[in-house]
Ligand SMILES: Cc1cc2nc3c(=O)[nH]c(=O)nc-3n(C[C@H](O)[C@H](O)[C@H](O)COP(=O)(O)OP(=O)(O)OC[C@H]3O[C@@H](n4cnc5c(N)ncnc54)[C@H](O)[C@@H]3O)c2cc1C
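Quick setup: one chain, the form predicted on its own, written in structure tokens, and binding and motion questions come after.
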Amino acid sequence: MLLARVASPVLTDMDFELSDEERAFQAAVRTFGDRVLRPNEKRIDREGRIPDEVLREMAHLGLLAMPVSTDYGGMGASAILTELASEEIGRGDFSMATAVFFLLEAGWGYILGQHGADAAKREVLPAVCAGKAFLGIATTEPTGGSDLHAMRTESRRDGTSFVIRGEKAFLSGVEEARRLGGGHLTLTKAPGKGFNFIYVPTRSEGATTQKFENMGRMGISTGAITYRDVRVPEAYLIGQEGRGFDYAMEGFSVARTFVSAACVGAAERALEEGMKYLRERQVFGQPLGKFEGPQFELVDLYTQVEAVKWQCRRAAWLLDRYTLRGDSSHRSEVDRAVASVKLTAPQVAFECVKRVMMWHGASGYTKDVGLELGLRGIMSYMVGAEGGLNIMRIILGRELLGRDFLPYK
């Protein structure tokens, strides 16, 4: 591991100043993004996969599943440190594919490390941290979407095993899990009431996959997995039987924060490229940036990105202060902060990329300029990845008005 572990600070009041160690770490990840990710982003989009050498480099730097304990190959990193890395990876690979891979390993690696059985952690996490296995999340179903009451995938205990039957759809990493090894933390209905959250290797007997063709973030696959009486050992159960929903929601809080950070990084890169163009492009004998139209748009976009960046930093700080310490006493505050930034960051990033494309005129619509990479990738965070925008609105409405105002019983 090339990057030294950065110690998590003792959290009292929120400090907006990064430590020297955090700044050095952020600079190192930005260098990685400039040196490795940017030169490969069009290749990632074109070939439909993240090159093995990129994953090896990420593992060498300690970037895969960063919050996982050093006992299992991770860095034991704080949420703030992981959020900084996600920002830089979103800036480096504009297609968002590497960011998706990164945040899945970080968010769901944390959940397995926090709540999984020791045997499962020893088996799965070192390979994930080394880039030799994939770990993702499987909650969505073809007919249910975010409506967990409509979930059909079931798990039942059979001796020292669980047997799983059902289907999950719109999952990231179905091809990666089959190619590299690994699997998904899968939410299933438990007998009676509640849900079980179970790690299911994609290569399990009875599991079959289907790949979907997306419009963007081509470097990480999306698809479906069908479970036909897939049998896994009881050690793969996350936490306690019947409490799977709680573990899944905790993981989503973590992963959504890193999604938002990746959007901040992409938005900042778009504005950097936009400002360069506004300075250099000559129109009617003067730089385009002298015209109030694009100049004022730039200012408005910049203020929005700055606001959402610190909104994201606060969400990570809350995770460090409460969630990652196992303290659920401020669950509502965490949920509000995370849902707010997951609602806002993708929209701000999308608007940044769209506007910068429009400043470029016809060239902005070409693949040569490369802005369309970000537009296609960021859209995935708006329509569904780690929860669509309207799901964030439902969460916020619940926290602001109370559960009596949920649209379902």
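What you are looking at is a predicted structure, and each value in this text was computed from that prediction instead of being measured. So that there is no doubt, residue numbering starts at 1 and follows the sequence shown.
Missing here is the form predicted together with this ligand; even so, the following discussion is about that form.
Out of 133-141, 154-162, 90-98, 195-203, where are the residues with a heavy atom within 4.5 Å of this ligand in the model of the complex? Of the options given, it is 133-141.
Can you pick out, from G181, G145, P233, G76, the residue that has a heavy atom within 4.5 Å of this ligand in the model of the complex? So the residue touching this ligand in the model of the complex, by this definition, is G145.
Between G370, P51, G48, G384, only one gets a heavy atom within 4.5 angstroms of this ligand in the model of the complex; which residue is that? The residue in contact is G384.
Interface membership of S172, this ligand in the model of the complex, 4.5 Å heavy atom rule: Heavy-atom contact with this ligand at 4.5 Å: present for S172.
According to a 4.5 angstroms non-hydrogen atom cut-off, is Q311 in contact with this ligand in the model of the complex? So Q311 does not count as contacting this ligand.
Is T188 one of the residues lying within 4.5 Å of this ligand in the model of the complex, judged by heavy atom distances? Output for T188 is no: heavy atoms all beyond 4.5 Å of this ligand.
Does N214 reach this ligand in the model of the complex, with heavy atoms at most 4.5 Å apart? N214: yes, in contact with this ligand in the model of the complex.
Kindly indicate whether T222, I391 and I394 are, all three, within 4.5 angstroms of this ligand in the model of the complex, using heavy atoms. Checked in the model of the complex: all three residues contact this ligand.
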